[in-house]
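Okay, so here's just one chain, in structure tokens, the form predicted alone.
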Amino acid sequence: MKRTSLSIISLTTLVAQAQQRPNIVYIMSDDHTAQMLSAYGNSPIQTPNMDRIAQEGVIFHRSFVANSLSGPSRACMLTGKHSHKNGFTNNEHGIFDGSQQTLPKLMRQAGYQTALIGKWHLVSEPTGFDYYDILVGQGEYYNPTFIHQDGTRTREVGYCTNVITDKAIDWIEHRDQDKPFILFVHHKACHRDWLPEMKYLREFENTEFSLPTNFWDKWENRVAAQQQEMTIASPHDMDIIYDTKMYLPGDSSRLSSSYVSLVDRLDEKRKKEYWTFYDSLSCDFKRRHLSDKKLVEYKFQRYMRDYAKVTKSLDDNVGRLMEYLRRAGLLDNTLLVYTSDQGFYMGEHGWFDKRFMYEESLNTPLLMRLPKGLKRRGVVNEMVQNIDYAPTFLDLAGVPIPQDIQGESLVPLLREEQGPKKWRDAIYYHFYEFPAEHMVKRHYGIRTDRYKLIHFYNDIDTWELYDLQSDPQEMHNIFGQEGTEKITRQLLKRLHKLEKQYDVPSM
């Protein structure tokens, strides 16, 4: 779609056009990875409701983020710009500048109702929304506290994923039905502490999850990977109480008080049920006296089971919202999007969390059920990025895309059964948050169809190069090896071109 200045477009015209445009429901989870979504074909659990979006629409197999961290990723989505342009580079010191141009502001200006329900996680007050009802910070799984648009706080009763969906459905039911809408439904799940919905407390307990083939990775020739703090093995990184819930009264760890306070949000009946279940697991764990590899593998199984429980509730609620839209007669005139703010490690390289430019955290699930008029179905293999969401929604709504938006509209990919012949052949990535939680070094890089080049910088100066065709697990850094000179030069040239295109400041 042609990019132009909104000042030359009649707002009256835009509002009139908006009344004929599709609705947009954007569901974004937190830390849900493609490895745990069965539509991608390699998941150890089933996610039938998310799969249904893919079956009735499209599934992107090469969907990437610009910065694999919750707050910065959200800022990229809202602005259509890389972190250095939207100003929110990291969670530790960032406050999102709500005065800047954003997707909801542009949509509202063009006649759309805009609403945000769930996780905001950008520190500042949301702007550009006709309505919002957001979690406090990271939010809580049990009886979560919400901040309403009028500034009041309410401690809601229920499981966070269910409550967010209830609020989303309620807003749709009470919206102005003479206007189209864009609704952002932002879940806490599947973020860390992985506290399950009570009905799934015992789910997956008989499931033995397979270790990833590179679980025992030693990170040879990858200095930054050697210095991170996100291993399942480390008692500091993955806390035995907070992360795996192996706790009995009197036990303590670095994060034990936080864990107990989160469970204490339950009412007495459910709290008793919760502690009875996990106390029995904790007693069994202590009787085993596990150590070394057996202990690490045990932590992995507990992590996977709790993550899977949280994901199951998330999938239920994606299905519940989709079914509501169907019953309400809204589904066929709505772009329904499911994605996550980034990927996550499910034991690959021995890790949990995200941040690195390696595939598991760079790649994020992206599913779309398309409104009438968009004919693409099935797998989309073109490389897309979360800076593309804003221009896509604007394009679909008939709103001019401002020239300073850095993403590309995905609408040309969705119009026909086959995408356009010309599309981007590389993406740019940049991670800034160091030193901070998990101690992943600052780095930036380029990913093409076959190769990935990464530069770790700041208190380190190392390069990594991967051939994703021969080494999809990114185990062998071939930077500097004989025979890689030509491709390295080509990638550096292409990287510099992207830096110029995105106006990346010199470092």
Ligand code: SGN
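Keep in mind the model is a prediction, meaning the values are calculated, not measured. Quick note: we count residues from 1 along the sequence shown, nothing fancier.
The form predicted in complex with this ligand is left out here; the points below concern that form.
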Original post:
Is there a heavy atom of Tyr242 no more than 4.5 Å from a heavy atom of this ligand in the predicted bound form?
Top reply: yes
Using a 4.5 angstroms cut-off on non-hydrogen atoms, would Leu69 count as touching this ligand in the predicted bound form?
yes
**Asked** Taking heavy atoms and a 4.5 Å cut-off, does Gln109 contact this ligand in the predicted bound form?
**Response** no
* To do: Using the partner position in the predicted bound form, report whether Ser253 sits within 4.5 Å of this ligand, counting heavy atoms only.
  => no
Here the chain appears without its partner; judged in the predicted bound form, the stretch of 350-358, 216-224, 300-308, 172-180 with heavy atoms within 4.5 Å of this ligand is 350-358
None of Lys167, Lys312, His84, Arg192 but one has a heavy atom within 4.5 Å of this ligand in the predicted bound form; the exception is Arg192
If we test each of Thr231, Gln138, Ser409, Gln101 for a heavy atom within 4.5 Å of this ligand in the predicted bound form, the one that passes is Gln138
Taking this ligand in the predicted bound form and a 4.5 Å non-hydrogen atom cutoff, the residues of 432-460 making contact are Glu437, His438
